[in-house]
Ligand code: GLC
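Encoded as structure tokens, the following chain is the form predicted alone, with no partner shown.
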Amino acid sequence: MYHPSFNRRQYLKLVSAAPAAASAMQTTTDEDRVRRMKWWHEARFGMFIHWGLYSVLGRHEWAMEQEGIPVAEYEKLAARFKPKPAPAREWAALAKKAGMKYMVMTSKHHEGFCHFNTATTSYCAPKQAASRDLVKEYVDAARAEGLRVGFYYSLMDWHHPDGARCREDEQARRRFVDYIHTHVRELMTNYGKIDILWYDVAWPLSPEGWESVKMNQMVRKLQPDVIINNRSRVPEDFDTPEQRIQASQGRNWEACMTMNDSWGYHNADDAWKSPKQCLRNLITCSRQGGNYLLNIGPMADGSVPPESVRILSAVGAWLDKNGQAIYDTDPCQVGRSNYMSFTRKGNTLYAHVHFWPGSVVSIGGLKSKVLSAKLLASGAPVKFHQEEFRVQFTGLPAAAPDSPITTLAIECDGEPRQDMDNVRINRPRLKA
């Protein structure tokens, strides 16, 4: 993943799709993409897993580069990377409990260590101290919980001898691209049906240098229903704003975020987001028609940090009662309030009150006629009064009835619409 000290302008160029590549990558029709991505749009919420040798150090997934650790020194971590039995079962159970519908695990991060069995190198979990295929364990665990399966794969590789010199040396490029394509082929061949292929940093080559179009055509031949992100430097199926929520115009998108400030396990990173903040992020993604991929960074033995478990358990408890306001929702035009956020499904507007105001909740500028309202979690009806410039929901408890966010389900006579300009311009003013 992106790190703050990595030149951001360079990074944005890497993940942006070049126009030439965009026109070349016509491997699927729009109709086919809609079919393949239907489940993904309905899901809204997934688990990202960043796990690698860096978890042994416990100092962030970019430690090898940021600390200038030599390859010969760093690769010795493989002898200390000995996960406990079946940690992926814990991840999958936690994802299910959290209300997540799919998982994406690092099969190879920038450090170059492969969690899967590969014919290309001995620098992989089955041939090192772990002595087993950790990708297979993950796939089996996700499927056992009924979750969709995704693979993260970093094109950048700090370990491979051609990982940097491929930029200047054509023979090195040929060897390195063959190495990368072989990995992708192995991942798409050896683990059954794969739902998502999530590439990361395409340094140092162009899409032509990576032969990305050819690579992704191979992927689709092996996995006809797979969906692919944009980080092989061709647009493919969806965009991937990182550590921010930014809707893409006319494109599918998924915001990927951490629960603290690190993707990989960092034993001193205590900048944890609250369950409320994670839920607000999920609500915002859902409102704007995108997905939310929330990361865990397991420890070296595969255990999930307790704070991650606490946060995701709280998120899941909320979704158990309010999930219909998140899953399979439609883009929502209503969005203006300083203490609540909104999602929509058809003509139902969901008002998510994250700062409870007391016994009256008001929405300004709602143009649609309200037919009924209720507290979503309990189903208790809510009284309301609607006038031209606002609708007020009354008789509510003085304290928030649900934690950490209370949601009102509001039935309207059509798609909910908000016009704050009407409030600002036409609301009666006092006479001069």
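Numbers for residues come from their place in the sequence shown, where the first is 1. Because the structure is predicted, anything quoted here is derived from the model rather than measured.
Keep in mind the form predicted in complex with the ligand is missing from the figure; the text below concerns it.
In the model of the complex, the ligand stays beyond 4.5 Å of every heavy atom belonging to residue 393. Put simply, residue 201 is close to the ligand in the model of the complex: some heavy atom of it is within 4.5 Å.
Taking non-hydrogen atoms only, residue 90 never approaches the ligand to within 4.5 angstroms in the model of the complex. Although the partner is absent from this view, residue 242 contacts the ligand in the model of the complex, with a non-hydrogen atom inside 4.5 angstroms.
Contact annotation: of the candidates 176, 152, 116, 265, the single residue with a non-hydrogen atom within 4.5 angstroms of the ligand in the model of the complex is 152.
With the partner removed from view, the residue among 352, 287, 183, 231 that has a non-hydrogen atom within 4.5 Å of the ligand in the model of the complex turns out to be 231. Contact with the ligand in the model of the complex, defined as any heavy atom within 4.5 Å, is confined among 383 to 391, 368 to 376, 400 to 408, 47 to 55 to 47 to 55.
For the stretch 264 to 281, the set of residues having any non-hydrogen atom within 4.5 angstroms of the ligand in the model of the complex is empty.
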